[in-house]
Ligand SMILES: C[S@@+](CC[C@H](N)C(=O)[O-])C[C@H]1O[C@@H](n2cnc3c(N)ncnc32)[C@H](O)[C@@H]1O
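Given as structure tokens, the chain that follows is alone and in the form predicted on its own.
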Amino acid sequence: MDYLHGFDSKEQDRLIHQAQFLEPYVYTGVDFKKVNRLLEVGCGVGAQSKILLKRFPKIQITGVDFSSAQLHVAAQYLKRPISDGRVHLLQQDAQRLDLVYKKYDAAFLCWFLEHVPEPLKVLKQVRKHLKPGAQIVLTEVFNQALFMEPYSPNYLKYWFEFNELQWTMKGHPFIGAQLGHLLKEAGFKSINVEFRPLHFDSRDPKQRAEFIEFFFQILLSAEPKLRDKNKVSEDMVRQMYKEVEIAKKAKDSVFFYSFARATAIR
């Protein structure tokens, strides 16, 4: 599976930072205190796994990912919990899971379905491996929701190309809005979908600047692929840097993004 952001060490470090930076927002409302066996699909470098282990000391995680490069990093990052028997990593295609049916008490997928060609297949596979009554928790992007003031034309053009490239790679940059439908089609019940806004303005300029920079790094992680395909130019990227610096410092600057959280029962 191709990956919009690539698999180099810089990107792998970014994923760990991303998980830590967004932890207060991603994990609000996530309660796995009664979960023993957790299935984490798309575990990547183990960034979310480490947070899950910290927050829920009783869980055992089976982490699945398609990328051997990501799993290699995860094996080092989670070396201690792996040796303690709390984490088991497997290289598998999430659209064709080969695990024991009805084994897991819960499933956790975070920033993953956006990269999968057939997310419904993944959800159907996950459901087969959950115990009856087990919960699935999904956190996903909704890239239509991005807004930044002052008006930043190069930033917005780049963002369009970012999403267009992900779409042509058979990804789903707007999948947050589709989660309810997908869970229903996969056979889940008690489905709940909500949107979590990240909204920062002059009331908290420090946090606003931090989020603008954080999100900018997400955009830049796709620059090599965008440049290779001639989707963005050196001048556009240079102008985008300037726009971001202005937005980080402008008194009336605003940053808004919203991601989706969905839960359901098997």
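The shown structure was predicted, so the numbers you read here are calculated from the model rather than taken from an experiment. Start at 1 with the first residue shown and count on from there.
Although not depicted, the form predicted together with this ligand is the subject of the following passage.
At the 4.5 Å threshold, heavy atoms of residue 158 stay clear of this ligand in the predicted bound form, well away from it.
This ligand in the predicted bound form is not approached by residue 164, whose heavy atoms all lie more than 4.5 angstroms from it. Under a 4.5 angstroms non-hydrogen atom cutoff, this ligand in the predicted bound form has residue 111 among its neighbouring residues. Residue contact check for residue 32: none of its heavy atoms lie within 4.5 Å of this ligand in the predicted bound form.
For the options 143, 95, 154, 178, the residue carrying a heavy atom within 4.5 angstroms of this ligand in the predicted bound form is 95. Taking 214, 241, 56, 66 one by one, only a single residue has any non-hydrogen atom within 4.5 Å of this ligand in the predicted bound form, and it is 66. Contact check for 7, 15 and 48: all three have a heavy atom within 4.5 Å of this ligand in the predicted bound form. None of 67-75, 81-89, 181-189, 144-152 except one has non-hydrogen atoms within 4.5 angstroms of this ligand in the predicted bound form; the exception is 67-75.
Contacts of stretch 41-57 with this ligand in the predicted bound form, defined by any heavy atom lying within 4.5 Å, are made by 42, 43, 44, 47, 48, listed in sequence order.
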